[in-house]
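Take a look at this single chain, the form predicted on its own, given in structure tokens.
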């Protein structure tokens, strides 16, 4: 369903602040992305409340730690019934392998998503970290590493999603943040795209926050994005037929 191709970024200081909007969005949007700000305030309670409203939960914690710690965190996310969980590819192959094996063992339907290069970073940011390549090269390098370690979901910007899809094939889940409908501001994102272009290039799940949250009519904004997703998926399927 197209509603499950849209994840709303719940960028609020507390679930109490977010709940009125989530109640309005629940019939239209399938996935609620809970990040660090909200999770460090309300923790697993926020996950349970979002689930109770009918959302699949995307827990965006970008885990990056020693393999055993990350493996245990994956197990806890499975126990919570989370649908998606992010971890940093830069944690290395051993960490990724342990996470993937634990996810498979728990068998709860959790999909691990390896974060490649944040959409807030560009070439100069990478250079300051000692990585002297274009973001697209680093994205593909990290995605290939994670895929080899057993991860089958990836977070990458819309500018790199086509090359990741081509390199890794049709089966991985590709999640694309930095989505900005036409006419909206890029704000602090440096590698952005429209919903239609991201889906056309092979993305499965689009993450949208402020363009929905700050819209005059958030529900209408979400529905417009879902309509755009639906039309693009139909065109993509027709092209593959």
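Quick caveat: nothing in here was measured; it's all calculated off a predicted structure. Numbering follows the first chain given and starts at 1.
Form predicted together with a small molecule: not shown, discussed below.
Asker: Residue 180: heavy atom within 4.5 Å of the small molecule in the predicted complex?
Answerer: Yes, residue 180 sits close enough to the small molecule in the predicted complex that at least one of its heavy atoms falls within 4.5 Å.
Asker: Evaluate residue 225 for contact with the small molecule in the predicted complex, applying a 4.5 angstroms cut-off between non-hydrogen atoms, and reply yes or no.
Answerer: Heavy-atom contact with the small molecule at 4.5 Å: absent for residue 225.
Asker: Can any non-hydrogen atom of residue 116 be found within 4.5 angstroms of the small molecule in the predicted complex?
Answerer: No - in the predicted complex, heavy atoms of residue 116 and the small molecule never come within 4.5 Å of each other.
Asker: Examine residue 9 and determine whether its closest non-hydrogen atom to the small molecule in the predicted complex is within 4.5 angstroms.
Answerer: Flag for residue 9 set to yes.
Asker: Looking at heavy atoms inside 4.5 Å, which stretch does the small molecule contact in the predicted complex, given the options 23 to 31, 47 to 55, 194 to 202, 207 to 215?
Answerer: Partner-contacting stretch among the options: 207 to 215.
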